[in-house]
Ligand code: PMP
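The chain that follows stands alone, in the form predicted alone, written as structure tokens.
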């Protein structure tokens, strides 16, 4: 037996052992430990390809849950990490600061909608939402203290079909039925929910879509600290693209009833919808914005919550004298350094042209699937393409089939969707959609 053959055999055994340990001991997201979904061992990733240890090279249609903006193993992002690591990887942000964080905050203030000029750096998307909610609640606590009034604004209003993360405050503004968190209902903050927007992006607008929302604002505004919403795209709640006028009305109602507006741009920020930030479709500025996912181009976990000077100053002048939050890894230097380069790459690569090219290809490729007998609807916005099926997918089976077809797509519920890295080619997009077309014809892929 040759040495090469022996090495290959040994490598296969090592990989098999790793996967077995993973199956028995490593708890993956939204997966049972007693009957886990299969996991595929990744050896490397480059460009739009995820390379499995078993030899397959998969075109990534998911951007690793929306985060990998410029593709994997990007030389400029790699260089940013190496350069920053040569100086320092991290220092505490309490009492210390560093150029990477300062430059990043300056860029975020310049890029985000007008009026958002205070930046709180944090750990992840869910934590960004936690920070935003705490900002809103502490703002009204401080305002009541400063004005010697009773505190009444302690609730939030949102819409159904929304998703804002898995931490406790974030769970309380996720859809109470479809938001995956109904088992925690008895211990969550009790907030208010309006019906989800029903008029789709591009359809004819009429004000009836906000009738129930207006009633809730009118009835509960004295209790409401903030209204929170995913702008234009409801992601995990069904990849639903709603009319920009709905969001514009949300801004108007918040102004009318003295309620803060929080927009959760964690999934939609940095060009994904065809605007740099999705709230630009409605030409509005929120009081607080949440950013994450693509902030570092998918390299490291980092998020940011930006707010107005009024919010920051009111909190700072209140009873506590400071904002009551401080993550250990806040302003991590490695993450900030790569985020700065990722933002620069957006403009160097002409992100608008990249997104327009993807959108055009997706519309052409998904249009024929509208008549498929398993498909309820197809929709495209920017670099996001969604196929809503009439049946729920069998995740384990359909995932295996996608791997066999050379693509990485992770469906959920009745949705098969793709949101690829911006560097993807039309040929690679065609491969992704051809794989979807193939599985739509296979009964075993659906429940």
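Keep in mind that this is a model prediction, so the values were computed, not measured. Positions refer to the first chain, counted from 1.
There is also a form predicted in complex with the ligand; it is not shown, and the following applies to it.
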*Please determine, with the chain shown alone, which of 125 to 133, 74 to 82, 315 to 323, 272 to 280 has non-hydrogen atoms within 4.5 Å of the ligand in the model of the complex.*
125 to 133
*Contact assignment for the ligand in the model of the complex, among 249, 142, 361, 236, heavy atom within 4.5 Å*: 236
*Of the options 227, 299, 163, 242, which one has a non-hydrogen atom that comes within 4.5 Å of the ligand in the model of the complex?*
163
*asked:* Against the ligand in the model of the complex, would residue 339 count as a contact residue? Criterion: heavy atoms within 4.5 Å.
replied: no
*Give a yes or no for residue 121: in the model of the complex, does one of its heavy atoms lie within 4.5 Å of a heavy atom belonging to the ligand?*
no
*Is the gap between residue 266 and the ligand in the model of the complex 4.5 Å or less for some heavy atom pair?*
yes
